[in-house]
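Coming up is one lone chain in structure tokens, specifically the form predicted alone.
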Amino acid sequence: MERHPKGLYLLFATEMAERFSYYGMRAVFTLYMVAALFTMEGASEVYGYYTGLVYLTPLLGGWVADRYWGNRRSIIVGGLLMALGQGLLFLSACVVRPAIHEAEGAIDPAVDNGMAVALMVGGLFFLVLGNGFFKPNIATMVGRLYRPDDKRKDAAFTIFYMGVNVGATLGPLVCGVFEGDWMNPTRFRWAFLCAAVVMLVATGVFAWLKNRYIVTHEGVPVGTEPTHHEKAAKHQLSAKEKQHIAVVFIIAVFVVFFWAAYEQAGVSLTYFADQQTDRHIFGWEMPTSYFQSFPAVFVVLLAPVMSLLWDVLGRWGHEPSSPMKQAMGLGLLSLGYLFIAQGVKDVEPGMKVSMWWLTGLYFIHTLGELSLSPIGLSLVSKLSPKHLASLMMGVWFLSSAVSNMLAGQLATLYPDGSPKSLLGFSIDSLEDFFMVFVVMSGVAAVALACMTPVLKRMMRDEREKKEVKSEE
């Protein structure tokens, strides 16, 4: 079996560090705001704006890379901007003053934390801007390490995706050690400093090693500034390239349904873990937040298995097409919700069920995630015209913004005693609620599977057509 290029593992490590920085900061960010700066409602609004903008700026970063800078410079600039953003959050936590009135449990208006808020806003600005330059370009470079027809691309993106989740696992565990509270909000500064240092070191290592490892199999540098020809080609799309771009947009629509259901992990499934899951293990009650690490841990454990599976199936000539893999991912998502729907059947409010039901759901969902998310990144890499590759990656991430908004709306259907309904159907129980996602993701899976033959024809290039005709 041909080995993957060493550049893949440099990109793996760089992305792992960036995700460590992002998820480490995110694990304590709302706690920091509530400890001294805002009410819980205000902190939630700030958090929502921040995460929403994070998925919008990759469009800007992708366009700048394709038109002017190239992937390499965009990643370095993005990494430095994010390190600066974390540094400003560190300074914010250095100057913050305790502001919660102990007796009333509310913010004391006599305490002026204006400087801390200003530094925090500045930090978020640079984090959002830096993420826009970083996120679409590092994923694009993974695909450019391989020949366009290389069968190892799906496996490569699965390995790369494991780096995402190693960082997502380690960040909260390490930065969470420095969690403060309303009596000592300055303690949060060490979490932000840790995130800043990791991002700065990772960017430095990437800049140092990029020329040695970020090259094609022929030794040609990957991700350099676009050539004059590539700049001039920005409006010149062939009919086949237009079809390829159409496939990316079609798949992105289905991805919205996947993430809208999957991202219930941060809302309705967290409510379920807190209120109706027995979290006791040998007399110890596991914190609700620990369930958030389950998907990332499962990804780290299962990603090598899935990568090997695609490699083996590819050698045997039985590897499913990218659209079919994503249909399988949607199907597994539906299966996971069907699993937990059976676990909560006839469960009344206040009753608690075994944590194995939620654990099993996350395990099945992780198999679905590995069938869809890294494969989607690989698909965008394969189909995007070279001079639009980073911009199309930004478009792909834009679907996540829509997904998160839809996820929040669907989470309002979680049964809390008040009347709930969707499309005229009453939702009176947890089983009804989970069945919404069974049906939604199941229908999307069947629809995508039915569309797969058409999408495969749209994806096929002229060389492949000639090969098929010669075989016939």
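Each residue number is its position in the shown sequence, starting from 1. What you see is a predicted model; the values in this text were computed from it and never measured.
Below, we refer to the form predicted together with glutamine, which is not included among the displayed structures.
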**Prompt:** Here the chain is shown alone; which of Ser307, Ser373, Thr277, Gln264 has a heavy atom within 4.5 Å of glutamine in the predicted bound form?
**Reply:** Ser373
**Fill in**
Checked Thr366, Ser378, Gln86, Ser400 for heavy atoms within 4.5 Å of glutamine in the predicted bound form; positive is Ser400
**Prompt:** Do all of Met16, Arg72 and Trp208 end up near glutamine in the predicted bound form, with near meaning a heavy atom within 4.5 Å?
**Reply:** no
**Prompt:** Though only this chain appears here, would Lys153 touch glutamine in the predicted bound form if you measure heavy atom gaps against 4.5 Å?
**Reply:** no
**Message:** So, His244 and glutamine: in the predicted bound form, are they within 4.5 Å at any heavy atom pair?
**Reply:** no
**Request:** Answer for Lys325 alone: is it within 4.5 Å of glutamine in the predicted bound form, judged on heavy atom distances?
**Result:** no
**Message:** Although the partner isn't part of this model, could you tell me whether Val164 comes within 4.5 Å of glutamine in the predicted bound form, counting any heavy atom of the residue?
**Reply:** yes
**Asked** Heavy atoms within 4.5 Å of glutamine in the predicted bound form: which stretch among 344-352, 189-197, 244-252, 392-400?
**Response** 392-400
**Fill in**
Near glutamine in the predicted bound form, with a heavy atom at 4.5 Å or closer, the residues from 130-155 are Lys135
